[in-house]
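Below, in structure tokens: the form predicted on its own, a single chain.
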Amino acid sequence: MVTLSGNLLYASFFLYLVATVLFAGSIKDKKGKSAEKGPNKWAKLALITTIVGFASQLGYFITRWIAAGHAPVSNLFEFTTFFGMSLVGAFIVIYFIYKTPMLGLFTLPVAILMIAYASMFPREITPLIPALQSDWLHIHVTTAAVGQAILAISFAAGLIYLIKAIDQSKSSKKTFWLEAIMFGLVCTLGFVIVSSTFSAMDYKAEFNWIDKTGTEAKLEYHMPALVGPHKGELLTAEKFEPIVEVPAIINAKKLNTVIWSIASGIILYLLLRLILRKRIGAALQPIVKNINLDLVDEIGYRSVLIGFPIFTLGALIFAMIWAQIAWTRFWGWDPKEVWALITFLFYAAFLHLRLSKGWHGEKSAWLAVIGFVIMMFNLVAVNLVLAGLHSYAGS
């Protein structure tokens, strides 16, 4: 059952890649028909491929649930793959409403990166810790992930808007920040590449260290330790010695992963700039030249309008109910709780500025992109670096 589950996930990943290529082909078919005037044969084929990929990933989710005996959303691998699946599902629904192939060209690569990113973490099925042995696991986590996935659609729409609307003929603050977003996506790809490389090399380095409770523990690295654990002692011979140690409150192994991701992202980004000889945003601009800006602006707004209440329900309301049951308090200022609140407040401000202050178009697109950055910070940095009650979710 576990093998079948893994094969279904790989199949969905491959199908999403194929669908992305088909959506790219749909932007302009051989007869010169713009895909933004309506779906052409390439767009229809891309959509069918996406739906088959989604069905395959749904099969992965169900078979892993059966094998594990609980909803597969209890660690970073499971949650992130579910987030990727929810993102594709949200895209399919929105595509049937707006029939915009360009959205697929920008949404599916994000889902692909999420699944590839997830695959770099431990994939073994492990028993749930006592705090997670509750039906609220299914309710809270899945609802929060679905809400985030719908909100992520607004990121794709906002990115399309900004790539077309921003003048790339000269450097400006707008081109700088748009390129910073592109760099972040490249860093995710860099993380996948460097993790795969060290995994293929079977790199392992074991440390003794002192955790935040003062207890001695063991920790195994799968990348060279640029950052070492608190009072760490390297046990594996002929492996890289850490350059610095960090306090016990910081997860050294996962901070090390973040540093490797950024370093590899810088190298990969510089290579892309060398090949393209222009900003990535400028290189993508011709692709979006026929897009209707009012349409993608509406898609972004509607995505937030739908995703925000779902996210609020899952990430805050259901979370507080479960926290009361598991930890006998509704709120505890855990890092994950704080960033869920920050995400809620940001999107509440997004809707306020849109509805009351008339922040449409480019301003709205920037807010959608910033919101996604906040969500990704919560998913990546908070899970990987800050130790808290939700640390099991990053294991």
Partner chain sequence: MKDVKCECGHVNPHGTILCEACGRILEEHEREKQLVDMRYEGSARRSQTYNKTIVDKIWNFFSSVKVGVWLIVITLIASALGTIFPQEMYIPPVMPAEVYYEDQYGWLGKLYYELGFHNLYSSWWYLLLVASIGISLVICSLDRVIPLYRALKAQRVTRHEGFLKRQRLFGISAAENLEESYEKVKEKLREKRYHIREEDGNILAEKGRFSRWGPYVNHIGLIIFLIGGMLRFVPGMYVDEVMWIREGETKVIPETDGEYYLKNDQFILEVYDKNKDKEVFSEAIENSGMVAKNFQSDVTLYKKKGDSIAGEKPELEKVKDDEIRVNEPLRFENFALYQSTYKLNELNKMTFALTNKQTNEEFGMLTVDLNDPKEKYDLGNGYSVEVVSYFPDFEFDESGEPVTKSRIPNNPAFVFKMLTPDKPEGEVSFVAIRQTIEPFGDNTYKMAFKGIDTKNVSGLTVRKDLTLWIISLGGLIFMIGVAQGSYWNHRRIWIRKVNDEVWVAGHTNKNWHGLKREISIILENTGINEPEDQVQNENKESGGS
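Residue numbers count along the first chain shown, from 1. If you superpose the two forms and keep the largest set of C-alpha atoms that fall within 1.5 Å, you have the rigid core. Please read these numbers as outputs of a predicted model, since none were measured by experiment.
Beyond what is shown, the protein has a form predicted together with the partner chain; the following relates to that form.
**Q** Hey, in the model of the complex, is Q133 touching the partner chain, heavy atoms inside 4.5 Å?
**A** Close contact exists here: in the model of the complex, Q133 approaches the partner chain to within 4.5 Å, heavy atoms only.
**Q** E298 versus the partner chain, in the model of the complex: is there a non-hydrogen atom within 4.5 Å?
**A** Although the partner chain is absent here, E298 would touch it in the model of the complex, with heavy atoms inside 4.5 Å.
**Q** Given that the partner is absent here, does T188 sit within 4.5 Å of the partner chain in the model of the complex, heavy atoms only?
**A** No - in the model of the complex, heavy atoms of T188 and the partner chain never come within 4.5 Å of each other.
**Q** Since only the chain is shown here, I'm wondering whether L58 would be in contact with the partner chain in the model of the complex (any heavy atom pair within 4.5 Å).
**A** So L58 does not count as contacting the partner chain.
**Q** Looking at 214-222, 312-320, 235-243, 260-268, which one sits within 4.5 Å of the partner chain in the model of the complex if you count heavy atoms only?
**A** Single hit among the candidates: 312-320.
**Q** Only one of I287, L305, I193, I210 comes within 4.5 Å of the partner chain in the model of the complex by heavy atoms, so just point that one out.
**A** Partner contact (heavy atom, 4.5 Å) among the options: L305.
**Q** Identify, from the list V93, I129, M201, L276, the residue with a heavy atom within 4.5 Å of the partner chain in the model of the complex.
**A** Here the answer is residue option I129.
**Q** Any residue of 61-100 with a heavy atom within 4.5 Å of the partner chain in the model of the complex counts; write them all down in order.
**A** Sequence-ordered list: I66, A67, A68, G69, H70, I97, Y98.
**Q** Determine, after fitting the two forms on their core, whether K289 shows a C-alpha shift of 2 Å or more between this form and the one not shown.
**A** The answer is no; the displacement is under 2 Å.
**Q** So that I can tell if D167 moves, could you say whether its C-alpha shifts by at least 2 Å between this form and the one not shown after the core superposition?
**A** Superposed on the core, D167 moves its C-alpha less than 2 Å between this form and the one not shown.
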